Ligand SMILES: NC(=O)c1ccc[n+]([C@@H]2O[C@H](COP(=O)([O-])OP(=O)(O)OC[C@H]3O[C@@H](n4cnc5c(N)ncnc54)[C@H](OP(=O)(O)O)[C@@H]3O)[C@@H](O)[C@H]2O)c1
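Encoded as structure tokens, the following chain is the form predicted alone, with no partner shown.
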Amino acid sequence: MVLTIVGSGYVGTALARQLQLQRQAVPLVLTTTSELRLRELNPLADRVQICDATNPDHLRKALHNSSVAVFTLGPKGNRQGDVDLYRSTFEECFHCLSSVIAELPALHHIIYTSSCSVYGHASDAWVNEDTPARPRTARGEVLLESERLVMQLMEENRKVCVLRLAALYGPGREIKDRLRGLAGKQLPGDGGSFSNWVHVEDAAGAALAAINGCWTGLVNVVNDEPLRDRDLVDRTLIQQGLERVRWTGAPAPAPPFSRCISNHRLKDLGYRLQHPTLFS
């Protein structure tokens, strides 16, 4: 078996490190769009390749002889709000994969790390993989279309799994660093919306479990504890000895975006969270 990780960013690199730690004797190919990252990634894989996943020649070469491909894609740089960039990163990748899939007979399992943002607002209710996805942002629409495109590639001899990741945190993206600047500030609304999180080690761990268990279909990858924004912010600031936020109670500038995302299927598949809550 040859395993290829297409897009060795935050989650892809974490997955490569877990594969290395577990000493799995699997030939590993990593791809990146950055020449600057080749030296960092080389110790983690048997081969590292520059790959634009929307280029058929690049993608064909990256997946040659691969039996499993994990797509951990992400927009470049700080332009994550750019919808056109999202479309070219995600949708165009899977259009490209569809165009070359017939030339990849060894490829029997495709895993794609999508996002729980496809669910949209659910008025604080619990949602699971059976809940209809109704994104409320253009980026969410792009991600949902990307899921549709990759799921179309499922056949009798080719399985497809979509991992819907909650908001990521972990080394380099610690919650305390991201919220420290809010100390003592006044914010609109009441902070009552729920947010859902997952540690990068669990995002990578779920991907590894999907590989080993040959998972199919949709799986939410999220921790056990949806948190209201006010609880998340206050607990984080208090832990650092900082002043709490003052909520005005006035209407928030953006529409509510609140739901509690269930991880029951993730657990039913046998995955045990390394970080079940943000504060554990």
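Start at 1 with the first residue shown and count on from there. These figures come from a predicted structure and were not determined experimentally.
One more form of this protein, predicted in complex with this ligand, exists but is not displayed; see below.
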Worksheet item: Does Met154 make contact with this ligand in the model of the complex, using a 4.5 Å heavy atom cut-off?
Response: no
Discussion item. With the partner left out here, check for me: in the model of the complex, does some heavy atom of Ser34 sit within 4.5 Å of this ligand?
Written reply: yes
Worksheet item: How about Val11: is it within 4.5 Å of this ligand in the model of the complex, going by heavy atoms?
Response: yes
Worksheet item: Heavy atoms within 4.5 Å of this ligand in the model of the complex: does Ala167 have any?
Response: yes
Fill in: Contact residue in the model of the complex, chosen from Arg134, Arg87, Lys185, Arg173 - any heavy atom within 4.5 Å of this ligand
Arg173
Worksheet entry | Single option in Val219, Ala53, Leu30, Val222 placed near this ligand in the model of the complex, where near means a heavy atom within 4.5 Å | Ala53
Worksheet, complete the sentence: Only one of 204 to 212, 123 to 131, 159 to 167, 98 to 106 sits within 4.5 Å of this ligand in the model of the complex by heavy atom distance, namely 159 to 167
Practice prompt. Could you list which residues of 93 to 118 come within 4.5 Å of this ligand in the model of the complex, counting heavy atoms only?
Written response: Thr113, Ser114, Ser115
